[in-house]
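Take a look at this one chain, the form predicted alone, written out in structure tokens.
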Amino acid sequence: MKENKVRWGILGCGKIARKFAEDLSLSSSGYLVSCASRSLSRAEDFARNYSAEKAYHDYPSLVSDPDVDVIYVATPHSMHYENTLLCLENGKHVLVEKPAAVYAGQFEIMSKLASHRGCLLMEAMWTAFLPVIATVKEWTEKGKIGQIRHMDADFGFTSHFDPESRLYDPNLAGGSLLDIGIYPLFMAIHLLGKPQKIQSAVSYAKSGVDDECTVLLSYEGGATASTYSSLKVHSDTKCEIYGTKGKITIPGRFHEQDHFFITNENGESTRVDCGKTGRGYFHEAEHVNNLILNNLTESNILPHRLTKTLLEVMDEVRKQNNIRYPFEKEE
């Protein structure tokens, strides 16, 4: 660290990396030092756009850079595991895009290596750090809508089928579940914990991945949660939480929202504005900066156990619907 600021590297210079870099530039506790892409021209262009000092054409050069404290892994799903291990083996803290791994077994290995190397490892589930989600979590825990009995959340958009795109290519761990279904499932687990029972149904794209996925989670005590993701239809992308004394609605698009509505037992609804900085990625970046500056290696908001539970639920959904990626046979 330099001048008590966290120095960042970005591995993978795609669309999500650009959004993150844009928000990182708003931080006063961390800044971008270097980036890496398999294409040097792409890395150099990224560095110019986001004021990075260095650009690399390969990942080993980035992870061995002594001026980098933490690396944001922003590659396709199927590469998160190997890219994260490369970073950790070189003693770098890691913020890895969601899903942190393709399946829970991978994340367990990643988590153990992070612990062994004394490095921070956190999934980049940026939604978890938005002021809206933090407030909703706090209010539900305080019983502002009584006991939660049901949560319903969806995330859907229309897309053109392309077997070579990351959304549909099984070699890249494509499908609606891992790409966008993870957001509604995260909300259920974040608010209700680990489910007791999982039921699911999917529809399949021509490439074999899911292009629609519906999941019903059941909890001890009777609470339930339903989630839906789709690459075929544009959904409301909202989250509703029903309690014994009212409900909370996070309108579309809930995963990046800056306000919500709380409705009491009399049907009276109040808007609650929470705000957000930048696109919203700023908040997760600041959280990571604070953890590193305080020598902490695990998030209290998004601990390893939550990420692992989320992956275990998605593993079970894929198992129920016979969705297996080609590279899983090799591991």
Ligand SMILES: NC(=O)c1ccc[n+]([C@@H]2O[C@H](COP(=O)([O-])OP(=O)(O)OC[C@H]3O[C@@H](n4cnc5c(N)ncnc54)[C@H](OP(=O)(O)O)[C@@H]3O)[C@@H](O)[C@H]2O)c1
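Owing to the predicted nature of the structure, the values given are computational and were not obtained by experimental measurement. Numbers for residues come from their place in the sequence shown, where the first is 1.
Just so you know, the form predicted together with the ligand exists too; it's not on screen, but the next bit is about it.
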Inset, instruction - Consider the chain as shown here, without its partner, and state which of Ile145, Leu172, Cys119, Ala223 has a heavy atom within 4.5 Å of the ligand in the predicted complex. - result: Leu172
Inset, instruction - Check each of Phe107, Phe260, Trp126, Phe186 and return the one that places a heavy atom within 4.5 angstroms of the ligand in the predicted complex. - result: Trp126
Legend entry - His80, heavy atom within 4.5 angstroms of the ligand in the predicted complex: yes
Inset, instruction - Report yes if any heavy atom of Glu97 sits within 4.5 Å of a heavy atom of the ligand in the predicted complex; otherwise report no. - result: yes
Inset, instruction - Could you confirm whether Asp179 comes within 4.5 Å of the ligand in the predicted complex, counting heavy atoms only? - result: yes
Inset, instruction - Decide whether Ala21 counts as a contact residue for the ligand in the predicted complex under a heavy atom distance cut-off of 4.5 Å. - result: no
Legend entry - Among 212-220, 69-77, 225-233, 188-196, the region lying within 4.5 Å of the ligand in the predicted complex by heavy atom distance: 69-77
Legend entry - Residues in 44-73 with any heavy atom within 4.5 Å of the ligand in the predicted complex: Tyr59
